[in-house]
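As a starting point, one isolated chain is supplied in structure tokens, in the form predicted alone.
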């Protein structure tokens, strides 16, 4: 233990050589982009002309950027619209697929998970046909019921609910798989003991299943938070953020700022700012979970 550090490293150089590819790749493709984008937060740069140091000007501009705050508000509304029904549906499907009496469980699991791996081009075509103003299936069905037609994608009031429906359809299966794994990790001894004590199905669900599923719920919540903030594909293929900016979320606004307006410095500024608040929100969720467990 008294050997110099460099001598110990040289003695175990073969082991360090085997693990070095990961650290080299992480430094090049992970750490360097993070540090470089942090530096970009303090400069003005369009990717072609020389960088110009502007200090905190990007952060001051962010405070007065109405479209930026509109995108955050849209992100919050879309998240509140789709996350609760997605969680409820995912949990109910997980409970159902965890039941021993259900036949063809593998087929149902694959069918529910299929939207997660469906290419977004296909999703865009299907939902465009569903939401079509004149010949869309939903408006055809509403007409048969004596309602509509509804301006799903051309109205500021309906654009966010339309995106939320797509998100519920697309991500319920993903969370269902996570919750199903959590349910299968709960020992059957707890349920057998509760059944012997006279607990009914609802009591077993409330006092055993839900408390033991709390770590899975927390993980799904954090993943949904991150996914909602940086969501891009679904909004881009369905509404392109319109009409106007009614469905422009933060992920789409960040993309437009970077690769449409070529304001890389300002884009890095808002990206780091929002990432900080997402990090703090994640810590808050973990803190609530620990206090609930205690």
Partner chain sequence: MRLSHSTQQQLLRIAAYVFLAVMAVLFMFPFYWLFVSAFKAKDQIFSLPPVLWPDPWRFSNFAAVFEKTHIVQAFINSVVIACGHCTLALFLCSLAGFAFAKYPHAPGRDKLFAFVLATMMIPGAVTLIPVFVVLCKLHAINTYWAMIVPGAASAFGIFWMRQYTMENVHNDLLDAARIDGCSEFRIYWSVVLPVLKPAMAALGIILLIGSWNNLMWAFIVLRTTDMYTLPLVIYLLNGENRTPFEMIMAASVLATLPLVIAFLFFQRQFIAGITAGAIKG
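Positions refer to the first chain, counted from 1. On a predicted model such as this, the values are computed, not experimentally measured, just so you know.
Below: the form predicted in complex with its partner chain, not depicted.
Residue 244 falls outside the set of residues with a heavy atom inside 4.5 Å of its partner chain in the model of the complex. Although the partner is absent here, residue 275 sits close enough that one of its heavy atoms falls within 4.5 Å of its partner chain in the model of the complex. Using a 4.5 Å cutoff between non-hydrogen atoms, residue 118 counts as a contact of its partner chain in the model of the complex. At a distance threshold of 4.5 angstroms between non-hydrogen atoms, residue 63 is out of contact with its partner chain in the model of the complex. Highlighted residues 73, 159 and 210: none comes within 4.5 Å of its partner chain in the model of the complex, counting any heavy atom.
This chain is drawn without its partner chain; in the model of the complex, the residue among 83, 112, 218, 153 with a heavy atom within 4.5 Å of it is 112.
Looking at 74-82, 145-153, 189-197, 168-176, the stretch with residues near its partner chain in the model of the complex, meaning non-hydrogen atoms within 4.5 angstroms, turns out to be 168-176. Residues from 4-32 that approach its partner chain in the model of the complex with a non-hydrogen atom closer than or equal to 4.5 Å are 5, 8, 9, 12, 14, 15, 16, 18, 19, 21, 22, 23, 25, 26, 28, 29, 30, 31, 32, in the order they occur in the chain.
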